[in-house]
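Next up: just one chain, as structure tokens, the form predicted alone.
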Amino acid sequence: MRYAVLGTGIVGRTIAARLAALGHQALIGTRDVQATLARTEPDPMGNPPFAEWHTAHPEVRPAPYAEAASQAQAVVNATSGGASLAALTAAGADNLAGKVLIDIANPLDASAGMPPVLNPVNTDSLAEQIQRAFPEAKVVKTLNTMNCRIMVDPSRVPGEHNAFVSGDDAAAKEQVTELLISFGWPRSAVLDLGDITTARGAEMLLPMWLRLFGAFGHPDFNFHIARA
């Protein structure tokens, strides 16, 4: 299958590399390919520059947002939450129409300092904003509640733990669930929360995740929902 992963940060790189390793065709979308390849400094999180990563993953071709989305059968939003709507607008509504749009971004706002807060929150979510902005896309929120290494390799966390899916289109959620299973998630671990409004709950786990990260000092953990 052909995927466009929008966003060249560590999340986008991790997802794109895993897709390629599974035999999918993966493009990684960016605003300006030449500028992205020209960066020589680590990113704000200390990750190597994109060009260094791309040398190790030449099978993942960088492309402008619109080109990546136009060639894809499904799109992954791995941009930062505050930039997601602009990036998807650059990708083009026509290039997203009718396609599954997997949203793994979080609307974190650090404008008032750290730790960041969510914006929007409670009565709206980034996933809902994306669905409203691109009504012909089939938005599915998932994987935003964990570190990217766990997204593609859930065995990093021993025992049972969960991934969530939210979206209005049942077939799109099933397609995403099958993708998660190919990443190593047991079907029983993927919990369908319901329609796209339930993404509010998944996004609201992020403040807790950030505080657990601070308490543990590492990101190799995840949420487990125990049911009677």
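Note that the structure is predicted; figures quoted are calculated from it, not measured. All residue numbers refer to positions in the sequence shown, first residue = 1.
Omitted from view is the form predicted in complex with another copy of the chain, to which the following refers.
Between another copy of the chain and the residues 36, 70, 197, 177, the one pair within 4.5 Å by heavy atoms in the model of the complex involves 197. Annotation: in the model of the complex, residues 158, 208 and 218 each come within 4.5 Å of another copy of the chain through at least one heavy atom. Within this chain, residue 212 lines the site of another copy of the chain in the model of the complex, having a heavy atom no more than 4.5 Å away.
Shown alone here, residue 118 lies within 4.5 Å of another copy of the chain in the model of the complex, counting heavy atoms only. Contact check for residue 22: no non-hydrogen atom falls within 4.5 Å of another copy of the chain in the model of the complex. When another copy of the chain is considered in the model of the complex, residue 201 lines it closely, a heavy atom lying within 4.5 Å. Segments offered: 134 to 142, 81 to 89, 110 to 118, 94 to 102. Contacting another copy of the chain in the model of the complex at heavy atom distances within 4.5 Å is 110 to 118. Residues of 179 to 197 placing a heavy atom within 4.5 Å of another copy of the chain in the model of the complex, in sequence order: 191, 192, 193, 197.
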